[in-house]
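Before any questions on binding or motion, here is one chain by itself as structure tokens, the form predicted on its own.
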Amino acid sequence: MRLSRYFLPVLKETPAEAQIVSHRYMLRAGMIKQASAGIYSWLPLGFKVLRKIENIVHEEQVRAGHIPMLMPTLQSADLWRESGRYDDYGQEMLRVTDRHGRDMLYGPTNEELITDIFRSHVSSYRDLPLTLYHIQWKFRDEIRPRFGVMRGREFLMKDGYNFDLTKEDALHAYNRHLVSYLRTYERMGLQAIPMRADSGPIGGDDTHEFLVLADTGESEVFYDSQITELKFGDREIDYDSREQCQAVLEEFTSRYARTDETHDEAVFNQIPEGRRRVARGIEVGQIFYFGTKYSEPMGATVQGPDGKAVPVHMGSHGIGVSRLVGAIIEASHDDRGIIWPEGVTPFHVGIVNLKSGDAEADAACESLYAALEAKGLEPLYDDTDERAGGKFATMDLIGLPWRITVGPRGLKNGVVELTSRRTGESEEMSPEAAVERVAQIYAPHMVRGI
């Protein structure tokens, strides 16, 4: 993309309403614009990052054997009355009435709707196990929406639902989701720690939240520092293997890690003092097993092997897709702007022309642009007449991981400058070598995980 043809409304000043880093930088980098309290338009740069994150989530869900679908944003209140949650959910639920006087709601979650779909089409244990998921906009009427996309009222979320014959089968689905989430977050350049959590209005006894450590996190967390040394890496897991999935769960949950709601000071104090940590965390996902909480009142049963009807065991599993954009920025930035991990960057590399209008510099930039695109990469070429300092400031603000700087002086020696946004280190090399280096860096991120 050529910057002269792109819509990138960057701001030089920080808007007064932005209280945390991610909100400030998302506004300044032209990623979002507030439409009303807690509701945002996603501008082109922000939308590209949102789609990168969404694609990673899709890929890892499909890898784990889960089936994508799409449910509506508006739901019938009758389903929620059937489960008993309509009056229990509270004022966060946006309730509406259509022109025919029917009670509707803007879905904050989809347990009732997916259970209704299941009971309408599945009747035999032979059709199990089954996990369905979708990525859809949700709405929760927060009393004090703040921190930009971190605590907005409208948000994009992946929510998945498993249906199993027995508790043991459903707990395997729980473990399978934990494994897929670990892989998902690491592909985004994040370490998201699974922590024992409270189930809240979803219900159930087994639940873990995934939290990214950050000073601006909304939750106080307590953990054994050894857990931060764990990495899932590129290991291969057979998602049908109960033993392998259980082993991963034990590896990542055997050390103490809890939110303030489930914190046990006595157990925490058994950890050696040097490893005890208290910090803040940003929730980016949560998994639940809640058994027959919805299937029993809503009649979601299957015929078991003995011919008798039994309620299915269920769980739900969410990832905050839009919230992840803010969480990544909170975890990866400096005082000049965002630093995108390679897996989610909106553009793979920036090209800065230090002397637009100079025939040799223009030609070199055009050649670089074409060569990078030929490698399947997306460059952002700053071909504007802005001064060099302004171009560098914009590139630093929007946070592309790599920048290629082209100027007449370097071209006389046959070189351009390749700069890492994260380290600030620069290296001079031929344009051809710069293209090859960037292509090698992104090679692992260009291979789809399916």
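When you see a residue number, it is the position in the sequence shown, counting from 1. This is a predicted model, so every value here is computed, not measured.
Keep in mind the form predicted together with a small molecule is missing from the figure; the text below concerns it.
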Taking 4.5 angstroms as the heavy atom distance cut-off, pick the stretch from 364 to 372, 103 to 111, 299 to 307, 345 to 353 that is near the small molecule in the predicted complex. 103 to 111
Of the residues Phe155, Tyr174, Phe118, Phe222, which one places a heavy atom within 4.5 Å of the small molecule in the predicted complex? Phe155
Residue among Arg183, Arg258, Arg140, Lys293 with a heavy atom within 4.5 Å of the small molecule in the predicted complex: Arg140
Would the small molecule be touched by all three of Trp402, Pro431 and Glu436 in the predicted complex, meaning a heavy atom each within 4.5 Å? no
How about Pro194: is it within 4.5 Å of the small molecule in the predicted complex, going by heavy atoms? no
4.5 angstroms heavy atom contact with the small molecule in the predicted complex for His313: no
How about Arg323 - does it come within 4.5 Å of the small molecule in the predicted complex, if we only consider non-hydrogen atoms? yes
With the partner left out here, check for me: in the predicted complex, does some heavy atom of Leu190 sit within 4.5 Å of the small molecule? no
